[in-house]
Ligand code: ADP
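Just one chain is shown here, as structure tokens, and it is the form predicted alone.
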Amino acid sequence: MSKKLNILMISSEMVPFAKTGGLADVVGALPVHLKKMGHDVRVVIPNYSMIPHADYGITPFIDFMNVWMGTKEEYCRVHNTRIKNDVPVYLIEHDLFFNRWGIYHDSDMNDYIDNPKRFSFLAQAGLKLAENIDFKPDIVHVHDWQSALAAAYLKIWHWENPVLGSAASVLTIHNAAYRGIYPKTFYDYIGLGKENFNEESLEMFGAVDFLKGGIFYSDLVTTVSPSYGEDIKRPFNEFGLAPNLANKGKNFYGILNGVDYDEWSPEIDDNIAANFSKDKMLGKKKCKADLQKRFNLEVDETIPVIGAIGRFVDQKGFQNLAPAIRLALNDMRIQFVILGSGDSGLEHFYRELPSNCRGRAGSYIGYNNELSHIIEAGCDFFIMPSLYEPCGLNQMYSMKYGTLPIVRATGGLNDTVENYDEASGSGTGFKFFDSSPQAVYYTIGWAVSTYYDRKEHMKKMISAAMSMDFSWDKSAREYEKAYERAIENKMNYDKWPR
């Protein structure tokens, strides 16, 4: 694409400011690479109370901005800062909505009941900010249900707006399991008109469906891996969006997430005990010893270490890993480390595992960015037993660090990991297909037997894995093509009813 674009991104999460999952990583990395390619990218996120302004150079920008919603006018402030490549980030301050404990839910994991107000306001505020700073976007790129309604506001409210009227919209679905379905009582506040509350667009069994509405009104929809795109488009799948996505035709497809190798590369990572590369692997042995010491494991380079990082929710499959890893620790000469949090029962299991398997298991309940790097660098294997996985990033991080992934063959995990072939020694990891503790256990056994009995195959696989290139450059070029198609789609629309 020769034309340089003005791109407005609106998101509920962004690294390094606020993160619960891969959405934040994408929104933190993609704008940087698009800017490097010459595009003018601006990002809008909420000003959550947990974001330390001083740490990120965040300063006041607009002292007063009014945002009209369906039933009332909201008032907010705007702060700003810049990230790598001089990308501007704007933070919307509205204390009633964003000055609270968590991003989506309270400390007991209960969703905030006013989430539909909070995030429809975010969508409108992002568009209003573009007007206020006279930033005329060619593309408004929104992410998941939390900002999806910006696509609807563009079509319904802003068709003739001199700043926003020509903007095309792209919606990226990071996880279709979270649709943002809320009672109809919030619809007047959202303000998209009773004539637009119907089964085709925003209505779902009498409730408001944010993601469904975003799909309907967006000029183009993407998701974060080709296989996941096929999964959620498959008839009668568990996500319930197949008809809506099928209606998009060629205007829905998957673009694989990239990896930010400025942060995730063993050659330059300053979080790990020693740097290393595919051709100079000595540092990885030092990283393994450091990991074993930190987690009170027996320091022995001959014992394979299996790592896991993630949220303890059903999607991630840690309920299947728990019985499998306990059995594997008893039956095999291995070590295991895990970092994560979520379900209280699983937190208890993994917290107690080190005391039940002294010197062979370690755990950290919570999130720690430095430890996540240390685990990736020090382990021999990294396990991801996900029931479904839109893209997944840790398997790609792992390969760069010479840590072979053990994954369930679903979504992006299936797209990015080449299964081990015992005949040739080719592959970049180990796949299983059933979602069960037995499948997890036997695939761990397959990986461990390869570690002990087929060392030349291990070396070959590690070299192949570390040679893989999942950089954002390729993904960003695919988004350029998506933007170009979205702009063409917008130009070909007849005027939408208002």
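Since we're looking at a predicted model, the values are computed, not measured. Numbering starts at 1 and follows the sequence shown.
Another form exists, predicted in complex with the ligand; not displayed. Remarks below refer to it.
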- Query: According to a 4.5 angstroms non-hydrogen atom cut-off, is residue 392 in contact with the ligand in the predicted bound form?
  - Reply: yes
- Task: Answer with yes or no whether residue 316 is in contact with the ligand in the predicted bound form, where contact means some heavy atom within 4.5 Å.
- Result: yes
- Message: residue 277 versus the ligand, in the predicted bound form: is there a non-hydrogen atom within 4.5 Å?
- Response: no
- Message: Taking any heavy atom pair closer than or equal to 4.5 Å as contact, tell me whether residue 339 reaches the ligand in the predicted bound form.
- Response: yes
- Item | Residue among 294, 79, 286, 311 with a heavy atom within 4.5 Å of the ligand in the predicted bound form | 311
- Task: Using heavy atoms only and a 4.5 Å cut-off, determine which of 110, 237, 198, 369 is in contact with the ligand in the predicted bound form.
- Result: 369
- Partner contact check in the predicted bound form: of 369 to 377, 83 to 91, 237 to 245, 114 to 122, the stretch with a heavy atom within 4.5 Å of the ligand is 369 to 377
